[in-house]
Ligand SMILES: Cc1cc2nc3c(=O)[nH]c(=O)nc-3n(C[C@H](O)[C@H](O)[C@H](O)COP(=O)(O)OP(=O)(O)OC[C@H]3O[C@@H](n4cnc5c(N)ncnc54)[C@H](O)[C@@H]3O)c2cc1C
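Starting off, we have a lone chain in the form predicted alone, written out as structure tokens.
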């Protein structure tokens, strides 16, 4: 395989947006992914309003607007079946949207290719030599000055480079399926919280809705049983599965290996902010890498990226961190929300912080 300036493992939002930024700057970028695109992925399909700043910065706003989507007009929260909170979002011109992940990720991948990145689908990373900048794959070896691990919460790049934190047991598992949208389903995001976990659902197109669920596997491992508690006629159908949901943050980089997106830090899916965080970290890492490659000083560039990464999460992730703390033990979150029911202003404030960026 020919040498590249940057090897990116993972073509989800973080990897593809980093590939686009680097390729536009004139660098030779290899974008690897084990899947053939388009492909489905466990996700709530919600794009936080914070993503608009990324589209604006990179000149992608019009292209993003044209993607098949559903405007999200509000947020409803129920606890054990009881209505707890409702919020109507601001006019949706630049508000949150629901877009199928196969559509979103394939669009970003194509934008990266249009910028000059080389895409290698069905390419599984099997090993890593950080010292030489070599990524071993099912297609052969790729070499580069910099390797970006964008390969998710179970990142092989993070493990092989010693950046992954020590494993700890996580009993929470994510499930997702798509269904024909019920005729009476509105354009809001609906969240249900119960002792075994939580689930959310919303339209992502005029005809279909996505249901995403996080369950404590010690209580149940059957998402269908939980859905039927609230929707008795829900049909039996295949579900996609993903874990862990919670994981300690990894070190951001060492030498010529850096991490972006979920490979670096996993956010609680309850708030729907994962994609916007992934996009932003991909841009930050790419811009720092451009400066580092120009000056042949990746160590200084990594320090810049690490500082900006900390500032990003310190500024925007405190609500997500609070929610993750509450939901690590779902039964505790239920008790908290029973009390918050008497203080709806708190929920309104937190929701506004998430959805009105």
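Numbering follows the first chain given and starts at 1. As the structure is a computational prediction, the values presented were derived from the model and not from experiment.
Not pictured, yet referred to below: the form predicted together with the ligand.
- By the 4.5 Å heavy atom rule, the three marked residues 43, 153 and 242 all count as contacting the ligand in the predicted complex.
- When contacts are judged by a 4.5 Å heavy atom cut-off, residue 101 counts as touching the ligand in the predicted complex.
- Using a 4.5 angstroms limit between non-hydrogen atoms, residue 35 touches the ligand in the predicted complex.
- Heavy atoms of residue 269 reach within 4.5 Å of the ligand in the predicted complex, making it an interface residue.
- Interface residue remark: residue 275 is counted as part of the site for the ligand in the predicted complex, having a heavy atom within 4.5 Å.
- Look at 73-81, 283-291, 162-170, 255-263: in the predicted complex, residues with non-hydrogen atoms within 4.5 angstroms of the ligand sit in 255-263.
- Counting a residue when any of its non-hydrogen atoms is within 4.5 Å of the ligand in the predicted complex, the hits in 115-133 run 123, 124, 125.
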